[in-house]
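A single chain comes next, written as structure tokens; it is the form predicted on its own.
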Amino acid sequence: MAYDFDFLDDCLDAGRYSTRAADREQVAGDASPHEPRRPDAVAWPASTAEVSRVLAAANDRGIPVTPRSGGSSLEGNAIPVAGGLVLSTADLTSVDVRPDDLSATVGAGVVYDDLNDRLARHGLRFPPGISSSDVATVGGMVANNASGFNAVRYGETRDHVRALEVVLADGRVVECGSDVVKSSSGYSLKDLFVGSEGTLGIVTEVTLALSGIPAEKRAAIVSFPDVGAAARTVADVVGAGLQPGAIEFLDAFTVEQLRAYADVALPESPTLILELHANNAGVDEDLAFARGICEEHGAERWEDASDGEMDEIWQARRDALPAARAYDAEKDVVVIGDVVVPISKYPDIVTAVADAAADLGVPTPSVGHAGDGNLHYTPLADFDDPDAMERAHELNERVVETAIDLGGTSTGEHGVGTGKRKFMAREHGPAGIDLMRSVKETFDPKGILNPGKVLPDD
């Protein structure tokens, strides 16, 4: 359908929207393997008032609107599958830090690393620790309920959101939540918007609870004879009551790819990256306790790591996806898996990926924010080989269904987007899906907001 976007002249300052092919191409895809789709126009509003005017006018005309922030989403969350208008929040970049309240109110377009650079001046940080930290924005993190390396100790994005400013489909602006530690006042509307992927409203401003930068850190790189031993160690470390600042799992295939991609000094075997945080010397006792658990599970190597070495290791961990994509010139990543299971079931899901990869003949590296039961896996295939592609997708379906059967979820931090919609009914059941549809229809009765995402087809 062809849309007339002249109405944007009345909604935005000059130069803040475009229908040029080059500009539309830039926002056609995201960091996922899902097929891009060019929108009909793209807008860059500079304020909440402009977002409000654009949405009200688009809603009146029935024009689909796909919100976009950093474009680092991994499930097609930001792909404008219905065409229409892409609305970028990249220019909403205000930052107001209140150190005495351990909070900050920031625009949706503020990049995660840039925010933490500002917060570090006050000894504070926003701690979820995501891989795409140099690109991802706070608004996008809220939309996907993002998390990462540090979630095992500090929680996911939702755990830090105190209040939101959101523009609804009809242009109304709603402020939900408040800058306090707790409240029992009415329905928690802010929690409906967190993780909704822009299907209920567009987040323009976020008030975040912050954490102090830990005074003491200790880290180690631990290698194991097989993936089962590494995964069982994770379950026991968390089950013993330790709260690591991070505990990451890398299988041997991932390590092989990282060594080829970045020449990183990791043992070529299943590996845990363990980091402990504290504000006192008790961190050394915790580290010794963790080492004992690792040795009980047959750890082959324990290497203490300095802060400088950990910077290199964490960068390597962030490079896991590009390393997988660069490993074989004839193959690319077909799916970016993102399942979560109860921590006691972590060995089961790690083994399920390895078994499916062997059974189907699909090379599949896996990594994970292991401390909270999160596992990522990236089956590789030649996109010109239909049989290989079919087997890669079958692997993904097997793993997701196994995760749900184990009491887990199809997505821990990447969101549903387009890629996980087909699993929603299995995970939530008919009544759950019906209720979600009712919520969507209440907030967005014309269905203009990020259509084709989250909910399965009716």
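Start at 1 with the first residue shown and count on from there. This structure is a prediction, so every number in the text was calculated from the model and none was measured.
Although it is not shown, the form predicted together with a further copy of the same chain is what the next lines describe.
Legend entry - Per-stretch contact check against a further copy of the same chain in the predicted bound form, the hit in 145-153, 132-140, 299-307, 328-336 (non-hydrogen atom, 4.5 angstroms): Of the stretches listed, the one contacting the partner is 145-153.
Legend entry - Heavy atom distance at most 4.5 Å to a further copy of the same chain in the predicted bound form, all of Ala46, Thr66 and Ile448: So, no: the whole triplet misses a further copy of the same chain.
Inset, instruction - Considering only heavy atoms, tell me if Thr411 and a further copy of the same chain come within 4.5 Å of each other in the predicted bound form. - result: Because a heavy atom of Thr411 falls inside 4.5 Å of a further copy of the same chain in the predicted bound form, the answer is yes.
Inset, instruction - Using a 4.5 Å heavy atom cut-off, state whether Met424 contacts a further copy of the same chain in the predicted bound form. - result: Output for Met424 is yes: heavy atoms within 4.5 Å of a further copy of the same chain.
Inset, instruction - Using the partner position in the predicted bound form, report whether Val454 sits within 4.5 Å of a further copy of the same chain, counting heavy atoms only. - result: Although a further copy of the same chain is absent here, Val454 would touch it in the predicted bound form, with heavy atoms inside 4.5 Å.
Inset, instruction - With heavy atoms only and a cut-off of 4.5 Å, decide whether Pro244 touches a further copy of the same chain in the predicted bound form. - result: Outside the cut-off, so no.
Legend entry - Sole residue of Ala104, Leu276, Ala320, Val341 within 4.5 Å of a further copy of the same chain in the predicted bound form, by heavy atom: So the residue touching a further copy of the same chain in the predicted bound form, by this definition, is Val341.
Inset, instruction - Identify, from the list Ala209, Ile221, Val238, Ala252, the residue with a heavy atom within 4.5 Å of a further copy of the same chain in the predicted bound form. - result: Contact check passes for Val238.
Legend entry - Residues of stretch 186-204 in contact with a further copy of the same chain in the predicted bound form (4.5 Å, non-hydrogen atom): Result: Gly186, Tyr187, Ser188, Leu189, Asp191, Leu192, Phe193, Gly195, Ser196, Glu197, Thr199, Leu200.
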